[in-house]
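Before any questions on how it binds or moves, here is one chain, the form predicted alone, in structure tokens.
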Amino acid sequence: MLSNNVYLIGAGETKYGELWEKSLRDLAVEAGLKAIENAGIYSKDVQILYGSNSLAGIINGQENIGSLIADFSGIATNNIPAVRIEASSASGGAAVREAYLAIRSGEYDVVAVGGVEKMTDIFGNEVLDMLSSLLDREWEAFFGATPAALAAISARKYMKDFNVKKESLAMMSVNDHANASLNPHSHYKNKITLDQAMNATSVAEPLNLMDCSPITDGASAVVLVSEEYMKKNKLDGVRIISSAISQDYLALHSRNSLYTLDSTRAAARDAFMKGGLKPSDISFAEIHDSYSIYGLMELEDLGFAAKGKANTLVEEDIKLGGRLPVNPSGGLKAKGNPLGATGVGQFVEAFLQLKNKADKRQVKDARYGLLHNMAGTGSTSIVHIVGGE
């Protein structure tokens, strides 16, 4: 029987961007130490470390990420376990979920999670090939499919079946850039207009450069503790109310629909049920909009709009001052998408929002945050709900 409540007590991250002057280990250590300092504990208090990473083995030639982070964070001397969690672009959410379960089980009271990715050391076709490893290599990537191409297929079918205009996709990116302009850690801090979002260089019709998240370096980290530990040490935190994960087929052609994310639907349903909440209770959402079309699909499959109707939210509702602020951090499009760090970075943003420390991008009266991290084109979805106290 799982009974321990779990709290976030600290969060930290590096700047996201093209960080050529910093190594994989530099980024991981910087974020980790910031989180521990922010938590008000010492490194020796950490009982297990989960390191989140997706592509370091093939981009940087570095495996054994858990040990790397523990070594250069200075906690290897304590002989605590350090384990890498890999779930493609959902690695960060998966790592936090493992930490959450480790505390809920009663095995540990203090767990650190660090997510890191160093992606700009390669470029062009090489990075495109590495990213295509997120897909089914034999049945998709081998035949020339890329993540952008598969997102474009979903977009074309979605736009045709629901008569949704390209402007609705573009508004997801306009919103991300507006929010990222207020986030000092964002990859991009420039606002973009609807016209700029509509007329950028084409990538995979109908998607253009402003519909696609960038190649990003960065690291994020959080510290989770049991309720008992938090109270005993007179600390303060944000509760993780629920955690859910679900799986779908790896290849897009095997799914029930080109534009319905069954894994997201199942994980969201489970997270809301476990938390005793409903979509209208959510104050803000951080969603995995690696491509603008996924933003619309996810808003629907998370329960915030009926299928084909997310375009009714993008003009006003998803803005910082709207009914459901989406991606106050700047999202994957503008804050950036360092795969192993992305899901952990969503928790960093939620921690700031729920502690009322998000400065100019603070969501008014934030009480519940929903965090959605997704692998590839939707093979895995992880949904957390945080806050409430």
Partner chain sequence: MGELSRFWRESDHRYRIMANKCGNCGKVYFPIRDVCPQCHRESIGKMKPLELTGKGEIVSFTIVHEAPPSFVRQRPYTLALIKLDEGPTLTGQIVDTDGSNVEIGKRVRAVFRRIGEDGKSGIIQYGYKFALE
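Quick caveat: nothing in here was measured; it's all calculated off a predicted structure. Numbering follows the first chain given and starts at 1.
Form predicted together with its partner chain: not shown, discussed below.
- request: Can you check 244 to 252, 289 to 297, 112 to 120, 191 to 199 and let me know which stretch has heavy atoms within 4.5 Å of its partner chain in the model of the complex?
  value: Among the listed stretches, the partner-contacting one is 244 to 252.
- prompt: Even though its partner chain is not shown here, does residue 125 get within 4.5 Å of it in the model of the complex, heavy atoms only?
  reply: Flag for residue 125 set to yes.
field: residue 274: touches its partner chain in the model of the complex, heavy atom cutoff 4.5 angstroms
entry: Taking the distances in the model of the complex, the answer for residue 274 is no, it never comes within 4.5 Å of its partner chain.
- prompt: Even though its partner chain is not shown here, does residue 140 get within 4.5 Å of it in the model of the complex, heavy atoms only?
  reply: Residue 140: yes, in contact with its partner chain in the model of the complex.
field: Proximity of residue 156 to its partner chain in the model of the complex, heavy atoms at 4.5 Å
entry: It does: once its partner chain is placed as it appears in the model of the complex, residue 156 has a heavy atom within 4.5 Å of it.
message: Quick check on this chain: which one of 203, 178, 102, 215 has a heavy atom within 4.5 Å of its partner chain in the model of the complex?
response: Selected residue: 203.
query: So which of 75, 145, 282, 230 gets a non-hydrogen atom within 4.5 Å of its partner chain in the model of the complex?
result: Flagged contact: 145.
message: With the distance limit set at 4.5 angstroms and only heavy atoms considered, check whether 19, 30 and 44 all reach its partner chain in the model of the complex.
response: Contact check failed for every one of 19, 30 and 44.
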